[in-house]
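In structure tokens, the next block holds one chain alone, the form predicted on its own.
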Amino acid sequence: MSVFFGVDYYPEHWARDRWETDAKLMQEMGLNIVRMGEFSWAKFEPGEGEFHFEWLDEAIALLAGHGIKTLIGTPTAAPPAWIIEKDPDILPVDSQGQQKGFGGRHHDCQSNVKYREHIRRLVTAMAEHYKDNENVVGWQIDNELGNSHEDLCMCDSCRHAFQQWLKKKYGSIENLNKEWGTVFWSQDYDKFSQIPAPKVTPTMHNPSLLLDWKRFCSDLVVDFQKLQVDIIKSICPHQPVTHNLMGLYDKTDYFDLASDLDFASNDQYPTGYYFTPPGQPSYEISACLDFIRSVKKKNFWMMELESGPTGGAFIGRMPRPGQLRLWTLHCIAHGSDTIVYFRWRTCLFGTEQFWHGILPHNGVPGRRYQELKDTVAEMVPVLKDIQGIVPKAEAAILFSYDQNNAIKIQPHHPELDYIEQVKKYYDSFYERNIPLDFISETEDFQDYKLVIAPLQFLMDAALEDKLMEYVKKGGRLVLTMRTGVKNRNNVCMGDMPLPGRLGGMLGIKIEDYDCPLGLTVKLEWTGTGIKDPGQEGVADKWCDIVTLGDAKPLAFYRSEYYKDTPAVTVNSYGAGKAYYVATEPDKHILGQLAELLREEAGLESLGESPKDVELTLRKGRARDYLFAINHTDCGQEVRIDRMWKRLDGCRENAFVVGGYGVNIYTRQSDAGQ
């Protein structure tokens, strides 16, 4: 049975006599999957070893009677009060040394041995109980791992685990001292047991310690998930396992976390109250979706998609008419094969009683229910054709959690941010309707005509060789400011001018730089091969001062003492070309570069569209589908090849997309399946 649309459901929040009504409404809406149980530990196990699954058994059976399957979440994000009472050291400790209290969720230390024993007991019992239930089609591990743990945990258990992690990495304390440069400020260690978790100090910790701590924290989350994956896979290997990731959230390396999953899932709340109104920019949502697809190079589930205004103490905007359909089709267009909405009915109690669902507090279907019901009916035939066929781009962004973490530790400029840098480059291609994948350092760069690698702050010989080999074989590579500054242990390299060995490939060297705090540095684009050379712009946050070797300039600084020196360069190397962007260009200049790269790499655009109207392609077995998605509230016109025909048969104004509208165009498939 293929599952296409579903909802996150909490039967334990409602009277038993309401369940049948909910199931009927779900069936009428066209839903055929629910996620349940991910916060129900106290109900599953009210006392140690005392298991009660009968309530969930009944809900699963009732829903199955309406054609609805179940995916079960392990409830390890919410250990109950009796566990905390029994083992209070499970509570996490923050960087101030303060132990957090019971309440909310994620009030746990993921390295704590006692907590892991509680988890083994519960997850084993759950897996044994549901391994033969034909209506259980899979598992979600925990919930949004890393969420709420940004400053956690720094307890004695985590400190000891960190020390063991370091011992495995460095082998000896003498080697660690050497690699970290602990001679600075008399930070030499005699033994691993002296190394702290990075609680607040009077100044700043050693950057090498901080980077390894971030790596350790990510590895700890991955190991915490693997504990549960291994249990489930050993007991019920026929049931797939997933986890709900959070887009470009950076606590945990999602390439690593996804490696143990059968498929990745994502949570997306475009009008979240934590965003500046009216909500998350369209390009940022697209980047998140493409990233989640990229972590396994497989299509994904949207495990939580906004179905009403979000809220805790504050409340985000109500989705406007059409936006629920738009968000649904947006996810599908970028590779989501199953959409699960959060949540079914808005809860009457608890922290999220204003985090709205499909149904309002009174449980009576209204506008949002009807819009989603119509959307489900419209999209099931499309999903049947495209499900399992993975979108593939011709260009990619090299994404690295290590680079992100190192920049967060020492951003140089207060506003320099690795992920924001990534999104700026993504946006420059998004505006031209040129698809992008995300890749890690372990992947084959040769699969792409163009690779963009922002802020490659940390460098080693293996990555240098891989980048140079890619260009030598004909690839187009974009590197940016602050490339090759440090080694993998977050220590500056001093053997060569920046950007180290890559300078030969790039045809440049950098012997000086400027952090232009409080300055406006002018730029001029002079590159050839595109429209309107001589365009002016602004350099921001950082300015590498470039000395040309064999490279050719494409843009120049036009102010400050480095006026008339290159800001963007290109160099032929082997069969390819290497570009260097020595600053953070403004949107206009970055757009000029993107246009040049499109031409040079021979990248295909899906068509022309106004700002915040995107074109995205999904290939199917019978037909290909071009989604024209209008993220604005007014009608917009798109320019695409006339070979594409509206799926709904509309001919009049066929290329006008209404406010918050999505037009789907089709042609005969070239997928060959």
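We number the residues from 1 along the sequence you see. In this text the structure is predicted, and so the values were computed from the model without any measurement.
One more form of this protein exists, namely the form predicted in complex with a small molecule; it is left out here, but the text below deals with it.
*Would you kindly say which of E584, D290, E304, D212 lies with a heavy atom within 4.5 Å of the small molecule in the model of the complex?*
Result of the distance check: E304.
*Consider the chain as shown here, without its partner, and state which of D437, D427, E371, D267 has a heavy atom within 4.5 Å of the small molecule in the model of the complex.*
Going through each option in turn, the one that passes is D267.
*Can you check whether W355 is within 4.5 Å of the small molecule in the model of the complex, heavy atom basis?*
W355: yes, in contact with the small molecule in the model of the complex.
*Give a yes/no on whether N143 approaches the small molecule to within 4.5 Å in the model of the complex, heavy atoms considered.*
Yes, N143 lies within 4.5 Å of the small molecule in the model of the complex.
*Would N147 show up as a contact with the small molecule in the model of the complex if we use heavy atoms at 4.5 Å?*
Yes, N147 sits close enough to the small molecule in the model of the complex that at least one of its heavy atoms falls within 4.5 Å.
_If we define contact as a non-hydrogen atom of the residue within 4.5 angstroms of the partner, is W55 a contact of the small molecule in the model of the complex?_
Close contact is absent here: in the model of the complex, W55 is far from the small molecule, nothing within 4.5 Å, heavy atoms only.
*Only one of 212-220, 446-454, 347-355, 81-89 gets a heavy atom within 4.5 Å of the small molecule in the model of the complex; which is it?*
Among the listed stretches, the partner-contacting one is 347-355.
*Three residues, W41, R116 and Q225; all within 4.5 Å of the small molecule in the model of the complex via heavy atoms?*
No, because W41, R116 and Q225 lack any heavy atom that approaches the small molecule to within 4.5 Å in the model of the complex.
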